Ligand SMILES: Cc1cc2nc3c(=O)[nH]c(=O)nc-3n(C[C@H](O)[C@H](O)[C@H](O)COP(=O)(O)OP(=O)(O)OC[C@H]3O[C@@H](n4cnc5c(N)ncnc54)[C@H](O)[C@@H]3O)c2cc1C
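A single chain, nothing else alongside it, follows as structure tokens in the form predicted on its own.
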Amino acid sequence: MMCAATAGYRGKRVLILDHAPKAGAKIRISGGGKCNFTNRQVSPENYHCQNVHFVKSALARYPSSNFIELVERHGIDYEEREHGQLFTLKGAGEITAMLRTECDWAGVEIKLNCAIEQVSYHANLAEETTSHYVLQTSQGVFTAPNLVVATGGLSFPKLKASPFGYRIAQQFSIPVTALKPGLVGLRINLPNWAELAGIALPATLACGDFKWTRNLLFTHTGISGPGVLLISNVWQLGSTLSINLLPHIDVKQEVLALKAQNKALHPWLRHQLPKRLADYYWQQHPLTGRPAELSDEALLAWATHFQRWPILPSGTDGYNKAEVTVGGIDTHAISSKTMEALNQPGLYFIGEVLDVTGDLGGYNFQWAWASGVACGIAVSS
């Protein structure tokens, strides 16, 4: 809808075909129904893409301040939460309604419940004909010189998410990178893990070169919460995470202080952490004897392990729970300025269907707005 309105305001004839019964279904359920529609601070560093420079052009040309101005022009009340996240006050439906209004003003036509059955391309082989795309759909045949694919990823299959956009790319020999659920909980297969369910606390999670300090939630099957959702975008099956359960405390200094005071370590741990979590960790990684009876090396080794508790997830909670799909259409095959396929004239890809995944916090919506505007400005007919 963002792309369509942008192109429509330029005088282009635009038709949106959507196989879902309602437009913007993912918008409606996002942010707990309040829609984290963008973030105050957006930079290329908030995105994960095999082509690291791809997002720079679109984000620079349509920053989050532009979308905020659009929201304000439509009189939508919003609030700012931690880490620059912006949410509507009265519900995500206001963002969908705003985009529908923009499309109406721009003369865009929208057909819902329209299943696309086949896409074909007819190249210009004679001067009197124009290259165009032909779409066979449940509501008839449509032709157009340009086709924009904004089909999203595989997350939330109940909302009619599908791999259709990837199939169109492959049909035209455009590569697709490996796909996996993103912004999703991780599963942990350790003994008695379910006993920790419901515990929540700030923690630092690290995976490779990435690290975030956010709230961590223990579940019956694994871990979730903002920190885990962030780390899930970069985590790969078989990789180990490290968790620091006390990110704001120098545990090494604390254990040496306990030694000097001849105090026990386990009671101190139970004072710092929820007791169930302290007991679980202690059962898995105990120290025999009081700190005063142990060497500094032994105490520091325990503290180092505690601050980098290694956890090997067995998988994710899957696409049913994932907010986004990591991976997608290879951006090396797409123009970063126009979103047009480099090897297929008039074929454009925008939003989540591309291999661009934002961090938690409104960044994926901002990519949708920015890539849609870049395409809407560029589409030629």
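All of these numbers come straight from a predicted model, not from anything done at the bench. One-based numbering along the sequence shown.
What follows is about the form predicted together with this ligand, which we do not show.
- When this ligand is considered in the predicted complex, only one residue from S162, T304, Q139, N124 comes within 4.5 Å through any heavy atom, namely S162.
- Screening N244, T88, S155, T96 for any heavy atom within 4.5 Å of this ligand in the predicted complex leaves a single hit, S155.
- Proximity to this ligand in the predicted complex, taken as heavy atoms within 4.5 Å, picks out 114-122 from the listed stretches 98-106, 192-200, 114-122, 247-255.
- Interface residue remark: V14 is not counted as part of the site for this ligand in the predicted complex, having no heavy atom within 4.5 Å.
- The closest non-hydrogen atom of I223 lies beyond 4.5 Å of this ligand in the predicted complex.
- Within 4.5 Å of any heavy atom of this ligand in the predicted complex lies no heavy atom of G327.
- Heavy atoms of C35 reach within 4.5 Å of this ligand in the predicted complex, making it an interface residue.
- For the stretch 25-50, the set of residues having any non-hydrogen atom within 4.5 angstroms of this ligand in the predicted complex comprises K26, I29, S30, G31, C35, N36, in sequence order.
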